[in-house]
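This document opens with one chain alone, in structure tokens, the form predicted on its own.
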Amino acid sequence: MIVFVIGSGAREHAICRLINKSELCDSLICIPGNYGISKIANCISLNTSEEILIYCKKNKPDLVIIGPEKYLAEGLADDLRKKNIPVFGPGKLGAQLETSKDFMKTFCKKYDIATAYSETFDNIDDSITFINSRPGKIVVKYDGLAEGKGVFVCKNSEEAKDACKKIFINQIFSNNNKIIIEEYIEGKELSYFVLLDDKSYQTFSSAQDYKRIGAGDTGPNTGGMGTISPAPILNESLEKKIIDNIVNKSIHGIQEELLEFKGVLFLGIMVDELTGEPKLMEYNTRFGDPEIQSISMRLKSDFLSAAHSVATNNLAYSEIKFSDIKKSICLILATKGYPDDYPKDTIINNLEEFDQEEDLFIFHAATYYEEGLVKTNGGRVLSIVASGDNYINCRNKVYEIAEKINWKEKYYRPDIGLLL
């Protein structure tokens, strides 16, 4: 099978690693990829949906897996399917569950999916009036894509107003001036994944993400500074509630709305500490980064077989198995200064010293190779993932490697997996 993976991050590195392990894979190409991915796949430097579509039409892959939400939002999956190329990833309409918070909230209301109360605003004056009517903690969300940085968890009204000013006046994301202001729910988060095609779905494990930049969940939101899998709070009773009240209703809505959706649905869930009930905070329509890095280390079955079955509407016949005992922890190494200003082209000196193993792997996100040196070109740069029989051993392994990596500009949270 000829497989193309679209993307350049640690998420795509994790996907490529799983595909590379499959006996079904004859050829693996990643577009555009990165230095770490180049060790296991042929990397082709293309960046636009148009370039990728032309390349796929010419080379006729048996499967295309789209990693980043950007390409899904642009409708790349739709365009590929029109050329009879099997794709793992939803069409443009299905991707709106992630690309528009307002669309997501309307969808949840229509199909009775439990979520936090919210209102949508397209100007700063009405936003501030609403904030003044609801003092205390509150959440401000940018409506469009923001690479995981569009959610502001605000301690008070002043922080909420400041978030609104950043979006409406400073236009830190774009001139798409629409926000959602949402009630703050105290509780614990988890990420829950479901593979689905037009006819059926299968669950694809869980993780807990650490979104804030600083220890103790302080500072601004990021794309994620680490994960643990499976989510420690997920038990049989909670999972049943998630499936009955969120998963099944979401899939019913997708089918009723005739949304083209052959891919993965990522449910960001908050478990309300007052009621114990799960509430949907967001959909993502692709694998989470860094969630998939930790989840992938626990997968026992053939990922390529499952992904191809999704793309060809045969998911019901696929067998997906995770280890019953394996745990895993992912620690993100970022460039100092992320998620704000940070230097690029910094040098990581000793990555070649670390062997990639079945239970320990370093996934690359923002790396390239130049003149014999591994260099960085982004904020989140490496994902160190360890798997084992318990979280403590996994945690010890990832922090041991983090300490040994010789990179002057590295930063990582000290508390991933600390309090379980």
Ligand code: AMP
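Here, rigid core means the biggest group of C-alpha atoms that superpose within 1.5 Å across both forms. This structure is a prediction, so every number in the text was calculated from the model and none was measured. Numbering starts at 1 and follows the sequence shown.
Unshown form predicted together with ligand AMP; subsequent notes refer to it.
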{"item": "Contact of E159 with ligand AMP in the predicted complex (heavy atom, 4.5 Å)", "value": "no"}
{"item": "K101 within 4.5 Å of ligand AMP in the predicted complex, heavy atoms", "value": "yes"}
{"item": "I348, heavy atom within 4.5 angstroms of ligand AMP in the predicted complex", "value": "no"}
{"item": "is_contact(A146, ligand AMP) in the predicted complex, heavy atom dist at most 4.5 Å", "value": "no"}
{"item": "Residue stretch of 135 to 143, 300 to 308, 318 to 326, 233 to 241 approaching ligand AMP in the predicted complex, non-hydrogen atom distance within 4.5 Å", "value": "135 to 143"}
{"item": "Selected contact from E282, E257, D197, D78, since only one has a non-hydrogen atom within 4.5 angstroms of ligand AMP in the predicted complex", "value": "E282"}
{"item": "Heavy atom within 4.5 Å of ligand AMP in the predicted complex - the one residue of I213, I85, V271, A116 that qualifies", "value": "A116"}
{"item": "Contact set, 3 to 27 vs ligand AMP in the predicted complex - heavy atom within 4.5 angstroms", "value": "none"}
{"item": "Rigid-core frame, C-alpha of K137, shift of 2 angstroms or more between the shown form and the other one", "value": "yes"}
